[in-house]
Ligand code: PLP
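Shown below, as structure tokens, is a lone chain in the form predicted alone; questions about how it binds or moves come after it.
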């Protein structure tokens, strides 16, 4: 059969291998441990000489089925799933970096990711935060001990679009791991492998799961990075071809040792949710574009941040890279407009911190997800005190627009 489309592939991925009793979905395997008739097989699995399952902390048949779906979505080589998106990031860095190493990160990051990276700095792994909308800024920050560059595709919450292709080429030339957080775009709208990403992170809690009922994260090795050139791979995991070494170390030194396991039940929820990703994203992108245009024209809104708008600084880049502009936008209210009053008048839109839900969610950024950074750091990052982030859902478009019109008073 000819190459199948995105949704068809994900919808039928479980059935690519025989599923118990002809089930459409991989069943939930709740066992914490797995037995072997031959003790020699147990040893072989422990030592990585043959595939299999020994203990649920390192994966179950249910979580592996989800990993295979994500790998197909990202057209990668191998995926490791974790208990959250933050767990996927921290597990990967924990497994691959050592004291004295340095990495470069986008300054325009999800607040918790910034906090995590600052914690790594406290532990002796230096980080430089730079404006990644230009690859030259990343290049200027590189050091001999730089091991990794980290960016988000579309920054949360101000929607800056990194110079993804330029940074990818830079990392390829220098032999540096290029780690891209694809959460805001999702593999439906963009595949970081196309710009040379070594590792791709997705918070499965967001668009891939989609229903706000399960938390999870994933890191996908795209197969592009030459792990034989990476000095931090332990001799224990230098078995077989170098292509497997990075994922093996993340799974063993990260998932196994740190223990951010994704449960079988949650894996099942996320796998089922992923089947409708493309359908949901089409509606979400259309709703977000309509809402961004409404807000841009409203007299009580001072500024709108959304890559689908022509005024966005990286609008042309977003159109060339992504098949849609995603559902995250943010806006600043005009002077004298009470943010809490506007948010309080919204009837459909929910005040909540999550994103990627089927429901539209809104949050005042400065006193919540960016509160710990303080006013000076927020100002440095361009986070206005009146900035409201909106995660657009799949509601009927006119209902959503009408809700914002009445809340804004016109």
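Because the structure is predicted, anything quoted here is derived from the model rather than measured. Positions refer to the first chain, counted from 1.
Beyond the structure shown, there is the form predicted together with this ligand, which is absent from this document and is the topic of what follows.
- In summary, the region of this chain contacting this ligand in the predicted bound form, judged by heavy atoms within 4.5 Å and restricted to 117-125, 197-205, 329-337, 260-268, corresponds to 197-205.
- With a 4.5 Å cutoff on heavy atoms, residue 92 does not count as touching this ligand in the predicted bound form; it lies far away.
- Contact annotation for residue 129: none of its heavy atoms lies within 4.5 Å of this ligand in the predicted bound form.
- Of the heavy atoms in residue 84, some are within 4.5 Å of this ligand in the predicted bound form.
- The closest non-hydrogen atom of residue 110 lies within 4.5 Å of this ligand in the predicted bound form.
- A heavy atom within 4.5 Å of this ligand in the predicted bound form is found for one listed residue only; from 106, 183, 159, 274, this is 183.
- Though this ligand is absent from this view, in the predicted bound form it lies within 4.5 Å of a heavy atom of just one residue from 141, 248, 224, 215, which is 215.
- Looking at 348-382, the one residue that comes within 4.5 Å of this ligand in the predicted bound form, counting any heavy atom, is 355.
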